[in-house]
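One chain comes next, on its own, written as structure tokens: the form predicted alone.
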């Protein structure tokens, strides 16, 4: 006598998966609605993000919020669109504030990978470009972002001091921004392996000259 099969038909499994995905998306959208701008329903604006930060128990200036914006691939600073929200939260597999709060530390672990961090570092620059056709970052904002993103890594504190003291550069370009990360990765704290004949931005030549004079 043939045994009865307990295996579910493929179509039933697919339908169950589709229903689960639809329910998840519905919860993600409901969470979005709690913070969405009343005048722009498909956007979470600055006020909504501030409320989200309060609910998450983090400051708006915490790197975790910048990491969240990176995970959402947010196009505008201080704004999350519904599409960005869906994409990011689905990738993180979260659909409640509690789940999001618990997931934030995993983003810090994610950017511990150097290649992933480079993506995040580039995003941090581009995220601060708030004006149409803006291509550069003012020095004050750049210093704030360097401190937030790179923290207490070697060179960071002295480079920020250099930027604040020098008068030649009012803005930083993306090439200078990414060049500085490579500088941090490759150059010894005492600059002993720095070669000005290599293709470093002139900004960094000036920084090394300034820093050596301070030694």
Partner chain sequence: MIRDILMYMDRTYVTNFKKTPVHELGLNLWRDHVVRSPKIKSRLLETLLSFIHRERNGDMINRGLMRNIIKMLMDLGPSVYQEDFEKPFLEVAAGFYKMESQEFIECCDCGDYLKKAEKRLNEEIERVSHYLDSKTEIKITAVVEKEMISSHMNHLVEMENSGLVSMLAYDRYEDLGRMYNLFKRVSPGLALVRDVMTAHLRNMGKQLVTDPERLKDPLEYVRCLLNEKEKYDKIITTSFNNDKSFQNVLNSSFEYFINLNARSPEFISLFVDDKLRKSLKGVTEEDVESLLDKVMMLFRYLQEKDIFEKYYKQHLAKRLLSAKSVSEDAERSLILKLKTECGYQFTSKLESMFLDMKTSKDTMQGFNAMLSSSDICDSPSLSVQVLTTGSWPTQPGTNCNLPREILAICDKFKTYYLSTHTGRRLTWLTNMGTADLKADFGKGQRHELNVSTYQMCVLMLFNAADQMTYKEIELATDIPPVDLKRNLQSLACVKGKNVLQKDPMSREINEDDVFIFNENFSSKFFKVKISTVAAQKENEPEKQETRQKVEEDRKPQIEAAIVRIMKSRRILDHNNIVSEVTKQLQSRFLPSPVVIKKRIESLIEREFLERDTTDRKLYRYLA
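Keep in mind that what you see is a predicted model, and the values were worked out from it rather than measured. Positions refer to the first chain, counted from 1.
This next part talks about the form predicted together with the partner chain, which is not shown.
Trainee: State the residue from 165, 175, 59, 41 whose non-hydrogen atoms include one within 4.5 Å of the partner chain in the model of the complex.
Mentor: None of the others qualify; the residue that does is 175.
Trainee: Heavy atoms within 4.5 Å of the partner chain in the model of the complex: which of the stretches 152-160, 42-50, 179-187, 63-71 has them?
Mentor: Single hit among the candidates: 179-187.
Trainee: Does the 4.5 Å heavy atom contact test between residue 96 and the partner chain in the model of the complex come out positive?
Mentor: Contact with the partner chain, no.
Trainee: If we define contact as a non-hydrogen atom of the residue within 4.5 angstroms of the partner, is residue 192 a contact of the partner chain in the model of the complex?
Mentor: Residue-level check for residue 192: no, no contact with the partner chain.
Trainee: Report yes if any heavy atom of residue 24 sits within 4.5 Å of a heavy atom of the partner chain in the model of the complex; otherwise report no.
Mentor: It does not: once the partner chain is placed as it appears in the model of the complex, residue 24 has no heavy atom within 4.5 Å of it.
Trainee: Might residue 200 be said to contact the partner chain in the model of the complex, defining contact as any heavy atom within 4.5 Å?
Mentor: It does: once the partner chain is placed as it appears in the model of the complex, residue 200 has a heavy atom within 4.5 Å of it.
Trainee: Residue by residue through 107-138, tell me which have a non-hydrogen atom within 4.5 angstroms of the partner chain in the model of the complex.
Mentor: Counting only heavy atoms within 4.5 Å of the partner chain in the model of the complex, the contacting residues of 107-138 are 135, 136.
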